[in-house]
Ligand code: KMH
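So this first bit is one chain, no partners, the form predicted on its own, shown in structure tokens.
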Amino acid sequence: MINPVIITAALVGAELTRKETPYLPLTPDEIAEAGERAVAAGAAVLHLHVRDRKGRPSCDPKIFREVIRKIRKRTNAILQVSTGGSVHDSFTDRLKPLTAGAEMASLNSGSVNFWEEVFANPRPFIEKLARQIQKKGIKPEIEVYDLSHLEVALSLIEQGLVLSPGHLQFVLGIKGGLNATEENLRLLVGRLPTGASWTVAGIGRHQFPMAALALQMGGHVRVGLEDNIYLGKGVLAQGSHELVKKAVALSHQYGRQPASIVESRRLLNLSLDPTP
């Protein structure tokens, strides 16, 4: 396949509620179904948050394991757990999803103003998290919200806390983080070590403009309800699968072919067998 693009679907998130969109999956069965539909639409990676019985964001590994088990009955997609949780979760709780049996995990590389709150990621916690991810044989996706975070990410790779060349995601458009602009994306990509892979998550209305830039620049893309609930101006997406379909169409427009799950595993240096 020439220049394949890995499409990630972020299904749930920690901030979104049913007040904002009735299509948000909350229960393990709903998340599993949303994952299956996203994969059928063209996603190869599923980024996972979970909710408790009251619909509140949770780091409970039991819930993560249930969701992962249900998804794996439906698809062999690459499963990536969030270690970001919500801005209110403790550092201890944020380590717990690593025990759920996923192949990948997010690794946030710095603190950032997060709308009206602060998403705390002090350096000692970042390094502890990186060590735990490596110890468990999980593939980290380093999350970069600001230019200083990229410096931390490069340091983690240099120290061997993240295996070289690394896989990074640029999260652009959060109020308090780096703006979603072509200039900023090119600055970030230009600092990457040789061989590193990268993806872009544009937030809100920036989701598809950033996806288009990533496609043109040879990167990968993330879409989904966690980052953006609209398919078009004023039109709610009826699930992450609709956003994935739009990303697939955009990929074809720019001469890129969505990578299959098998191809995505090879690109990310993951086992072809999804079971731990």
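Residue indices: 1-based, along the sequence shown. Computed from a prediction, not measured in an experiment: that's the story for all the values here.
What follows is about the form predicted together with this ligand, which we do not show.
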property	result
Residue contact check: R51 to this ligand in the predicted complex, 4.5 Å heavy atom	no
Contact label in the predicted complex: G84 to this ligand, heavy atom within 4.5 Å	yes
In the predicted complex, D146 touching this ligand (heavy atom, 4.5 Å)	no
Partner proximity in the predicted complex: E263 to this ligand, non-hydrogen atom cutoff 4.5 Å	no
Heavy atom contact within 4.5 Å of this ligand in the predicted complex, the stretch among 100-108, 158-166, 192-200, 68-76	100-108
Contact test, all of V171, R222 and E226, partner this ligand in the predicted complex, heavy atom 4.5 Å	yes
Members of 235-257 lying within 4.5 angstroms of this ligand, judged by heavy atom, in the predicted complex	none
